[in-house]
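In the form predicted on its own, a lone chain appears below as structure tokens.
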Amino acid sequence: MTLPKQGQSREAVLASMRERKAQDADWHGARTFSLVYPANDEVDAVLADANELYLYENALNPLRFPSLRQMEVEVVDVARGLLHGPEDAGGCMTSGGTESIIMAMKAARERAKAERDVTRPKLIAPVSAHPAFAKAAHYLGMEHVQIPLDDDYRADLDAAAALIDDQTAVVVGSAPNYPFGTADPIPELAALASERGISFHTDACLGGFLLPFYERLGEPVPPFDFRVPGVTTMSADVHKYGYATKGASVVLHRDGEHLKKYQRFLYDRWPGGLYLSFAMAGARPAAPIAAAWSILHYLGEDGYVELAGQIRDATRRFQQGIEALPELCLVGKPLMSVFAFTAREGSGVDPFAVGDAMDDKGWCIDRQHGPDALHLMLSPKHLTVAEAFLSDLADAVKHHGPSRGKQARYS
């Protein structure tokens, strides 16, 4: 494409965009299971209003846009409260879980260098940890060391203990991880790190805005947040189960001074004056901050508990329906609404062939391997399509054919 010599009308531009958008996955109809996390039409309307109100502002300079700084501080403080951070905890918003993770890993690297004279920093994370940790290690010049999983698809503690050494800058656990929805043994991993003065990060990008409300529903939730001694940093995405539009995550430090000492970037050796940034980006869109703030206030605790109940009910129905099929079973023991299922040994069913058949029926299901499995992540709207999904799944299993070789897809 080249830049058109003459511009088109607004109507023509929008019509062209709508035509292209028709190719995209139908997340409005709850036919997708990752990437977008729809709550309901009322939430969507609030988010649209907040985005429109702050469409043009720049969150880089809080002196010029103090409302954005106020909203960011309040979003971070809500996350701190939900995750039981101490009063002196600190944090900031980022563009998503990957950026939150990169900033937490950067802070851990700098802390290890300053406090323990670590020169060859290692990032130790389970095999099931999000690829953002591998990306962080690559960008930050850290060695990425993977902890194998135990039979329950959680980080193997004995293996983790053997991998930690005097060059370890940070140890990681997920609550829960993306592939299987299982929670790593956070207290035990954090203790292994803490006893040697090593940072520990809980990746709660998925669980940070859902597990606190599962607790309020009386569901069993293992220790994962700042109530666990040794947890030094956490990541939690507001644009997942916080229901904000994309571009909203939070990274938190138990010790707020570490945010200033090890995470922020401060520079004044140029003619443009003091430059300060707590995250990777300089200019930052204002709309995700406004959307996150607006939806926290719109829903409140009661609204989040209600939505968590809908997710719990949807998860129960999906999992019961899947396990009622003799050919299928869940992988591991998923903690909440993200999980994988596969074919039982000896069933003769190819999970990817089943996925192909479900694609043909209009469902967008992710594939993964280790084992070969199909992956779901449920939102409140999925409660309305549970029976249709399970009916189609039963038919796909009954008539499964050879896989067409579709590749694994990830969030």
Ligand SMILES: Cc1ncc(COP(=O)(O)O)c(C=O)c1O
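Predicted, not measured: the structure shown is a model, and the values here were computed from it. The numbering used is simple: start at 1 and walk along the sequence shown.
Beyond what is shown, the protein has a form predicted in complex with the named molecule; the following relates to that form.
This chain is displayed without the named molecule, yet in the predicted complex the stretch 200 to 208 from 70 to 78, 156 to 164, 200 to 208, 113 to 121 comes within 4.5 Å of it by heavy atoms. Interface residue remark: residue 253 is not counted as part of the site for the named molecule in the predicted complex, having no heavy atom within 4.5 Å. Although the partner is absent here, residue 101 is a contact residue: one of its heavy atoms lies within 4.5 angstroms of the named molecule in the predicted complex. The named molecule in the predicted complex is approached by residue 97, whose closest heavy atom lies within 4.5 angstroms of it. Taking the partner from the other structure, the named molecule in the predicted complex has no heavy atom within 4.5 Å of any heavy atom of residue 180.
Along 122 to 145, one residue reaches a heavy atom to within 4.5 Å of the named molecule in the predicted complex: 130.
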